[in-house]
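The chain below stands alone and is given as structure tokens, in the form predicted alone.
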Amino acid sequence: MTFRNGNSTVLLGMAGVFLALAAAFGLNLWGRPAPLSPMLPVESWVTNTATVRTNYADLIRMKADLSDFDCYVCHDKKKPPQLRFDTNHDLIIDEAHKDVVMGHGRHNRNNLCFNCHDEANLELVQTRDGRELKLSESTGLCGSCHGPTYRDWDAGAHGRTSGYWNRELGPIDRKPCVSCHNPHSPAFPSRKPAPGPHPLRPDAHPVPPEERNH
């Protein structure tokens, strides 16, 4: 009987506490938390998974217009193009290639077309060790100079890799260098950072909506 009375006392006490808490919450004795700041939609570039550039091999797969890559529409197959230089021995970009900005390496030491392009066949590129590669195989050209970075890329530690690490489950897709780097000016440009995650709690110092993505 004593055990039952003890249980009843505990249960009644707990019920009283819960009722008191319910009344306190109902009367809003402690106030209510400040509303959360709105979760604004992010810009489309934040969720876009495409690479910053479209490489030549992808253009072939997409059956895109490749006329811009047909060098011999303008150049003569029988003789290499003649390069012109200014008084500082800087390469003069022809009007037909005015969109090309040369910036490969420091002090303009690599701003020479035939360091990479094969002057005897403009449809090919040539590596430091003399190999001739198609434009769609340009990663081998990059690797012939940038050995450590190429090894990181080949191991999956540099660049864009997707697909299956376990090759028994499916293929792996490793994007070539030119999917991210412009071969004429390969330094990767800075990008605006994506907005941070929503804190899911009231902001102590709310940031105006127009400043949240900056």
Ligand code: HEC
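We number the residues from 1 along the sequence you see. Throughout, rigid core stands for the largest set of C-alpha atoms superposing within 1.5 Å between the two forms. Note that the structure is a prediction, hence the values are computed from the model and not measured.
Not pictured, yet referred to below: the form predicted together with heme C.
- In the model of the complex, none of the heavy atoms of residue 37 sits within 4.5 Å of a heavy atom of heme C.
- Taking non-hydrogen atoms only, residue 44 never approaches heme C to within 4.5 angstroms in the model of the complex.
- Although the partner is absent here, residue 77 lies well away from heme C in the model of the complex, with no heavy atom inside 4.5 Å.
- Heme C in the model of the complex is not approached by residue 62, whose heavy atoms all lie more than 4.5 angstroms from it.
- In the model of the complex, 180, 181, 183, 184, 186, 187, 188 are the residues of 180-196 with at least one heavy atom within 4.5 Å of heme C, listed from first to last.
- Taking 2 Å as the criterion, residue 65 counts as shifted between the shown form and the other one: its C-alpha moves by at least this amount when the rigid core is aligned.
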